[in-house]
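So this first bit is one chain, no partners, the form predicted alone, shown in structure tokens.
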Amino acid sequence: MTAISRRTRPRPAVGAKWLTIGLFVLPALVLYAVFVILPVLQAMQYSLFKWNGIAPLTDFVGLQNYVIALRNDVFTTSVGNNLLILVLSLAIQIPFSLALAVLLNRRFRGRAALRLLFFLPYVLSEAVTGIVFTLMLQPDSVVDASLAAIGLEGLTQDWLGDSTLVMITLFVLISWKYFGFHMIIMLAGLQGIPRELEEAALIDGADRRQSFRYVTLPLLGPTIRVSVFLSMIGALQLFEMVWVMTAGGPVNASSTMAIAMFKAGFRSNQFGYGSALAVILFVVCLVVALLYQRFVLRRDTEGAITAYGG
């Protein structure tokens, strides 16, 4: 009787099901179209004109703005600076965050306070952080005075005024700002790994280093890949702290793609050229995201969908 009643129970219409889904998704799609897709399309349109942001769009130049951008030394320097921050972040910031997460995943007194202390820089305003460090790094200010106080006067530098040193200085400060964010992500991943697996490896004769390398690290792989992805996109879109501290100086030595775009549009009133830079930055980020999704994150997403479907 029960089986018969289950077979004869009416199922909801397929049309009603999709209508319900559409009604729930429609507001988000509308907001996404208005605030993301439409501005991108407008930027693409403006990039084809020589436009000062005020006059009508009449001076059509085609792809000339893109050609100028690719031949512009300031923009190529900006691309190089973004790539430098990206490489240094992957080579130094991510491994450091991972090592710190592994350390703070162990049980010892005061680890909660240390987690809070290391995560605190991430919640600070980038503008405030940039202003504070700009003041501290001025000649004969806090940093130089501290080095002199411990007998290291020879290490004092013009930290933000030396074109060969400014990007390294900015990278250190950016890493200080964001390493806590990646640490928390990896710490969450570590806490999701059952301790029984590591204990089983130790019982089978592996030492702690082998247990971490062959058990913990592979299981933490999806978390690391997500953290790497966020670090890459953040490095390509770098703007706030650099703008507050150096505005791209000295002599454009610390300029990034976003700063070059901002200066072209809002400082030089070349909104057509600035829109071309914005489109280039958008395409670069989109291509990186799609390639990373296709070749790196695909296995993780497919595994999650399979597990959910099962």
Partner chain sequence: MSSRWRSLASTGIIVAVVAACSGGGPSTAPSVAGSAAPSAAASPAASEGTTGEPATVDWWHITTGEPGKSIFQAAADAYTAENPNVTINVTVLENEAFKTKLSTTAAADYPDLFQSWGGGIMAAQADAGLLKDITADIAEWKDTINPGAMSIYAYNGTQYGVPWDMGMIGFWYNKAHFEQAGITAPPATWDEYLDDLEKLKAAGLEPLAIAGKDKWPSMHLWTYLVLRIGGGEALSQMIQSGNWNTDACTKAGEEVLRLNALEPYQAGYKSADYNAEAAAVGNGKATMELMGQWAPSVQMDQSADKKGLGDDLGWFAFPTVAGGAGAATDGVGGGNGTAVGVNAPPEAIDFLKFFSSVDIGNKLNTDNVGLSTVIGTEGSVQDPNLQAVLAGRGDATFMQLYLDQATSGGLSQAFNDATIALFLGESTPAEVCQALTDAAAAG
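Predicted model, so just to flag it, every value in this text is computed and none were measured. Numbering follows the first chain given and starts at 1.
Unshown form predicted in complex with the partner chain; subsequent notes refer to it.
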> Just one of 266, 282, 60, 32 has a heavy atom within 4.5 angstroms of the partner chain in the predicted bound form, so which one?
Replying inline: 266
> Are 52, 139 and 251 jointly within 4.5 Å of the partner chain in the predicted bound form, each by at least one heavy atom?
Replying inline: yes
> If you check in the predicted bound form, is residue 199 within 4.5 Å of the partner chain, heavy atoms only?
Replying inline: no
>> Can you work out whether residue 243 and the partner chain are in contact in the predicted bound form, taking contact to mean some heavy atom pair no more than 4.5 Å apart?
In response: yes
> Any chance residue 41 has a heavy atom within 4.5 Å of the partner chain in the predicted bound form?
Replying inline: no
> Do residue 70 and the partner chain come within 4.5 Å of each other in the predicted bound form, heavy atoms counted?
Replying inline: no
> in the predicted bound form, which of 113-121, 213-221, 170-178, 156-164 comes within 4.5 Å of the partner chain (heavy atoms)?
Replying inline: 156-164
> Going by the partner chain in the predicted bound form, which residues of 273-300 come within 4.5 Å of it through any heavy atom?
Replying inline: none
